[in-house]
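Heads up, the chain below is alone and in the form predicted alone; it's given as structure tokens.
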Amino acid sequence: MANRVMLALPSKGAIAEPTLSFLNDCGLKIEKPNPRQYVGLMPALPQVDVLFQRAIDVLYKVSDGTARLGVTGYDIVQEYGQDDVIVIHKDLRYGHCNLVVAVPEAWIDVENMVDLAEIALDLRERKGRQMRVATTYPNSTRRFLHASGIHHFTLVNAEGAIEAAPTIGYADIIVDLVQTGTTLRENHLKPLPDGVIIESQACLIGNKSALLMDEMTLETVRMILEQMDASMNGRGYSQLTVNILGESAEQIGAQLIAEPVTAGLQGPTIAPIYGSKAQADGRKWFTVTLIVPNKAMPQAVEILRRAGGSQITSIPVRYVYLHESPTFAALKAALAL
């Protein structure tokens, strides 16, 4: 329908539940009226319909225009990338994994891709066969190996647990997604340090034609990105409130903004405490509110104490809205809008 925007989300797999949690944290909660159906709603944006699909089908639905937007793994986009699909937000900060080249631990002389190229050449010259590579990512693997100077190899279909391929004997090495590396170690495999093909995580994709031609789709993307950026920005900050005894708001403000940590996002807010009486030396109580980075919290607390502060409280910041969503600004530049 012309007045609707379809968003495709993964129905199962490693990023399915994290995607729902991420959207909920962004104020974009997904409601699924019937758990047996593959459709849902986004109450915060009533024009959005949600379609649940396999992660790979999310890419295809966005490509053919069935869905205008979708969330899937960046590794899938790289492997099966379609001409009319654009990556809107590559860094959603969850679903991290790497597509890596892994070799048997017994290959003690193979420490990098140059060593692996020598192995491939040796297999060709001494044994008259190609190096066998088991993977479910043939396109990405082929491109990476060629770029690494390895041309004598054969891609073989992964059968069952791909990590067992070298042990079973139907492959020499593997190329697979890795999160912690535990499964590789359990199967006596080691990833090559310079063998990372794709650094993947969940990403937001869109149909390029729809973004260029449909104002409603573009405006919906803007609102979604506003929430995503604000939520991810907010995770890095906390709001501090402190009571400080000082000569004046100006004196306290000058003292705090002199320190980058307590200058806040745009300076502290200072207000006199109602009903407080001036001290014998003329100082009065003021309440100061400021936003500080979480990583600088210990330093900020110490600075506030030295400034005469007490009763310091901290509240997590959920959203930090900037003048414009940086991700949406980047998207407009990419689309030449």
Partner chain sequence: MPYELPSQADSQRISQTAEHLIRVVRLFGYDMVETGLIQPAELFMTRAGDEIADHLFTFERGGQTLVLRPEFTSAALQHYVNMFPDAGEVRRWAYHGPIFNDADDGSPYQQTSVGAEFLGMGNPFADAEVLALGLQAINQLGIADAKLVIGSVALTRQSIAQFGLDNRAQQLLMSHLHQVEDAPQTTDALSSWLSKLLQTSLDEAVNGEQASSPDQTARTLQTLLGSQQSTAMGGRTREEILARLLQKRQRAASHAEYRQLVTFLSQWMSVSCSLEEAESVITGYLGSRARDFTEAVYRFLSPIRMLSDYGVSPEQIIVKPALSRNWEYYSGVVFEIQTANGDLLAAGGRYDTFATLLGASGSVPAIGIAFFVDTVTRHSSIEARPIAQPITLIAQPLHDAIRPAAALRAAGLDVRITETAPTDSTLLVAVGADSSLTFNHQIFPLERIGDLAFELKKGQA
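Residue numbers count along the first chain shown, from 1. As the structure is a computational prediction, the values presented were derived from the model and not from experiment.
Omitted here: the form predicted together with its partner chain. The next part is about that form.
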Out of the stretches listed (223-231, 181-189, 259-267, 239-247), which one is close to its partner chain in the predicted complex, meaning heavy atoms within 4.5 Å? 181-189
If you check in the predicted complex, is T167 within 4.5 Å of its partner chain, heavy atoms only? yes
Partner contact for R129 in the predicted complex: its partner chain, 4.5 angstroms, heavy atom: yes
Find out whether any non-hydrogen atom of A171 is located within 4.5 angstroms of its partner chain in the predicted complex, and reply yes or no. yes
Taking heavy atoms only, is H151 within 4.5 angstroms of its partner chain in the predicted complex? yes
Exactly one residue in D91, D84, D214, E105 has a non-hydrogen atom within 4.5 Å of its partner chain in the predicted complex; which is it? E105
Answer key: of C97, I119, V196, V156, within 4.5 Å of its partner chain in the predicted complex (heavy atoms) is I119
Within 95-116, which residues come within 4.5 Å of its partner chain in the predicted complex, counting heavy atoms only? P104, E105, A106, W107, I108, D109, V110, E111, N112, V114, D115
